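First, one chain by itself: the form predicted on its own, in structure tokens.
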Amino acid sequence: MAFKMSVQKYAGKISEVEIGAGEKAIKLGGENVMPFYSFDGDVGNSPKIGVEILDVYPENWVEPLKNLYKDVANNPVDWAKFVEENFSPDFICLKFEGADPNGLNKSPEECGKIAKSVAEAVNVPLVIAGCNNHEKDAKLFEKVASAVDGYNCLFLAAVEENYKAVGAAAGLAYPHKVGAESSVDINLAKQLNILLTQLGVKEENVVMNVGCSAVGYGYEYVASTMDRIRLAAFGQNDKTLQMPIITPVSFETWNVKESVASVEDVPEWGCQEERGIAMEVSTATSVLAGGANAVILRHPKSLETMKNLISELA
């Protein structure tokens, strides 16, 4: 008897969101099956991989990363061009660490000028991340969204505390995309998506950031949450959860002890740089298998590894 493979059909489909402009614009989402399940249906657009840069010199990054970018890290424009020309990411994530009120406290106007200069210098799409101070990010994104008008950027991220200001600036006043950030909980993710759409932001302009942790650091909660979100989107045809997912992996993996501990402190663990790459690749692979449509990384070797993996699987 000939083998006949069963096929799992779903009613729901992830919306397709475009980021960037011109030939290098990318599309996220579009699938109606679980990640990489090409034997069940349409897997949509292939996952996209981006590289994180900062608006300031990365003082808090580990030495191997600082050494890698030492010639360009003092200038975000040079840094962005270096990454694009040498590593060919799908997009670049510009994180405004210098805007932190507890740090350099750069003004929104100054950050806007930096963002515009970076957007003009590269061809790949930009993802704009704030400083994790919700009040400052609301003011920051308003100015940056205006400065990069026409570049169709994704802003990370709107949270419950500032979604009105961020959504109004990035999703309504200017034609950008809004990242909806929640804390590893399907109900919180759904609630924020509803709040943004009620504000007037179109569903096709929303990308979810449902939270992340490095593998081994409570990652099982991330895995179960992503599974529940995708199964609800597909199996229950829940339109409030049918947005693509982006996961800033680098924000988590380069802060855990396996990545930051020096060889002098734990010689038995081996090369610090290789440990950091391993944590980044392991986490990125896990979130892609769970349903993420894009991930943000720091190390070019992580980028290369993930691009090869996606090429083989997709």
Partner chain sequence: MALKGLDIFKLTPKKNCKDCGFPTCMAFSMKVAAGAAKIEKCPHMSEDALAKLSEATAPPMKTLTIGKGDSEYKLGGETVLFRHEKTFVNRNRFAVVLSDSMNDEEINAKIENIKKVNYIRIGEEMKVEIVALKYEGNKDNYINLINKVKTSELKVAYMLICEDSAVLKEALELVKAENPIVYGATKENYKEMVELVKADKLALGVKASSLEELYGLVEDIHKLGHKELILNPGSSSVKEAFTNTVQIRRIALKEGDRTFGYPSVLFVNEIAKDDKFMEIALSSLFTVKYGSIIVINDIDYVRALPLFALRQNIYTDPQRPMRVEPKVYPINNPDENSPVLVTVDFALTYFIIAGEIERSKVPMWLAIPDAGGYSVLTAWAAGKFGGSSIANFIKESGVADKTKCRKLIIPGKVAVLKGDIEDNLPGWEVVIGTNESMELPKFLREFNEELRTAKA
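Only a predicted model underlies this, so the values are computations on that prediction, with no experimental measurement involved. Positions refer to the first chain, counted from 1.
Not on display, but discussed next: the form predicted together with the partner chain.
Residues within 4.5 angstroms of the partner chain in the predicted complex, judged by any non-hydrogen atom, belong to 253-261 and to none of the other stretches in 24-32, 46-54, 253-261, 60-68. Although the partner is absent from this view, E220 contacts the partner chain in the predicted complex, with a non-hydrogen atom inside 4.5 angstroms. Although the partner is absent from this view, K116 stays clear of the partner chain in the predicted complex, with no non-hydrogen atom inside 4.5 angstroms. By the criterion of a heavy atom within 4.5 Å, P101 is excluded from the residues contacting the partner chain in the predicted complex.
Contact check for V215: a non-hydrogen atom falls within 4.5 Å of the partner chain in the predicted complex.
Only one of the listed residues (S107, S224, S88, N133) places a non-hydrogen atom within 4.5 angstroms of the partner chain in the predicted complex, and that residue is S224. Distance criterion of 4.5 Å from any heavy atom to the partner chain in the predicted complex singles out R228 from the list K143, K81, R228, K190.
For the three residues S38, E268 and N308, a heavy atom within 4.5 Å of the partner chain turns up in the predicted complex in every case. Residues E274, R275, I277, A278, M279, V281, S282, T285, S286 are the members of 272-288 with a non-hydrogen atom no more than 4.5 angstroms from the partner chain in the predicted complex.
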